[in-house]
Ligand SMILES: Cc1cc2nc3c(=O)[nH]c(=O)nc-3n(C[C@H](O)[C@H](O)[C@H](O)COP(=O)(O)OP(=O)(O)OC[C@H]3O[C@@H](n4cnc5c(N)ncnc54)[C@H](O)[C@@H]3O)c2cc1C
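For reference, the chain that follows is the form predicted on its own, supplied as structure tokens.
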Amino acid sequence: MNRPIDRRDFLNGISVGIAAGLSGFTRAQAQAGPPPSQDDAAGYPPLRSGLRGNYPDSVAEFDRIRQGSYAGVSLADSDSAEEYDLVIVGAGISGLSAAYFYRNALGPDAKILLLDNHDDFGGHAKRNEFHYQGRTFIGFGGTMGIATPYPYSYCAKALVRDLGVEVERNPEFLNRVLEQKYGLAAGTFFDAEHFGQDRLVKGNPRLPQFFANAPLSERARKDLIRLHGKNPDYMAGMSRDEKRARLAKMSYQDFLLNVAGISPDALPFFLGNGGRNNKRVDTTPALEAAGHGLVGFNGLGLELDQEFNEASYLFHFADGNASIARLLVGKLIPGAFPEKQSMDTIVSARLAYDKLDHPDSKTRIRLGSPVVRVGHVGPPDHSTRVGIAYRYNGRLYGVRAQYCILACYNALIPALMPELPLPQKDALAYPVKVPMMYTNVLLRKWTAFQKLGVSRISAPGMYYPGTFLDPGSTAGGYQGVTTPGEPIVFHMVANPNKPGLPRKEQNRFGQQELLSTSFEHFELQIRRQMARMLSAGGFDPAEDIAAITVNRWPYGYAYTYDTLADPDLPPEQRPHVIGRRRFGRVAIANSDAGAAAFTNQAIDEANRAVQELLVLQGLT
């Protein structure tokens, strides 16, 4: 277990070195010289391995911004002569969509600059690449897919359609080789810390024989078989409305223990279970758990609406929604790709990062440029310009724009714009981002999974509760894995928190845990967990792991309201509605502004912010 793994990227089995502190190419590199090779991680961010997501350099300015270190920056003066029609802070899905909507409204000559603190665009739509043995293996490091037509708005559906994505074609791109050819199924790993011994059990928990093989007490086994079968009405004598009202005010954990009456010995099985936006068993309202189809409720007669209707399609590329971001960049900066892209080519297409900030382009994306201060040049009611200060390559720069859209982290906005009204600043500070971990492990082979007969493993008591082999969708020209002797990406998902605390405090705890943990510690956790889950299949972490990319997101998904942790307020009084109000020439667009951690929400909020600025200009 102590044998070091070279976690660099690989090309034909040879390591490509990456400097530990590398944080993006300089502007001089971006504007001169030939395009970087896709085998060169220094010029091609998706190839960078190790600690990614909100990697240390990308959030290095956050504490200084919060502490007011840049509050005194003069926005009237600037060492840059750059002026734009619109500056967008944040080049995630929302920022890129805002640029797309704004340019569509004002025409191709609109000058737009997007500034982002990361070395890659896309925000949480993160692309991870591994080049190994002459092949490219791709995984998603954040937001994975889109679901439409429901619950997408007309605006979001129209953008997806304009990008050429036909979501109804998803079935033709699913790579089912693993399950169909090799008979692989789901499995659950019971760990010794919570269940007395390490044991991998293959099969569906909804079948009684599954629990017969699990290391459980007889009482816990009977309780879990009962919950996964046909349940009685645990709330008999109450009306449907009374049941819903009571379930809304109790956690799923309380329901399981105190209403369904399971043994505490059975509760660890649900540790990795929760509701929307990665809540856990102790922070998910029982009513929400019922709506998500979790076990224990089918005897209550609630008749709850389903999250997606039968007409909905689920669609994803091999790199998740990173290809949505790439398609948007192709529309905004045609020179970024050598030719026009479609959903059939985008995943395997070569993107020239040196074209993103080219001075001849009307729309520019400047990476590695954290914005530290935003404000009007003069009184907001009479100003004709917005000043934006950002850091680049260790220096402070400034640009001006007629308008600005903040498509960034909501809770940071009050420190970026101290002039905001106090109620708006308080509203922006209300949510606490959900910390997330999306880890991709490149395996040299997956014969251990074949021997064990599993392709995905739920591990409720382990650091990564959700894990699965990712053969890759074939959409976009990407060809996935077919045989056990081939390399493959193994995807691991974690939502760091501290059970027992209120939900927001759990999120804060998880944020600090991710920010303070080294890659080496994550690496050791990954190797230990995989060894324990797969040892019976002959898995050897020292021999079978080729590379690791840890996408840590301490400032991850947007905070969503729930009936346990948040007051029941009229829509117009909710913090996200107050927080997203336009302030002078500055509008706010991000998924936080919609209080929903979904790509369609990021698109809708971008459209709303652009419309607010167009109204201000008298253009709509």
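These figures come from a predicted structure and were not determined experimentally. A residue's number is simply how far along the shown sequence it sits, counting from 1.
Omitted here: the form predicted in complex with the named molecule. The next part is about that form.
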Pick from 189-197, 105-113, 419-427, 135-143: which stretch has non-hydrogen atoms within 4.5 Å of the named molecule in the predicted bound form?
135-143
Given that the partner is absent here, does Y44 sit within 4.5 Å of the named molecule in the predicted bound form, heavy atoms only?
no
Is there any non-hydrogen atom of G556 lying within 4.5 Å of the named molecule in the predicted bound form?
yes
Might S251 be said to contact the named molecule in the predicted bound form, defining contact as any heavy atom within 4.5 Å?
no
Proximity of T549 to the named molecule in the predicted bound form, heavy atoms at 4.5 Å:
no
Select from the listed residues K279, R326, R364, H118 the one whose heavy atoms reach within 4.5 Å of the named molecule in the predicted bound form.
H118
Answer key: of Y84, Y409, F449, Y100, within 4.5 Å of the named molecule in the predicted bound form (heavy atoms) is Y409
Residues of 339-371 having any heavy atom within 4.5 Å of the named molecule in the predicted bound form, listed in sequence order
S369, P370, V371
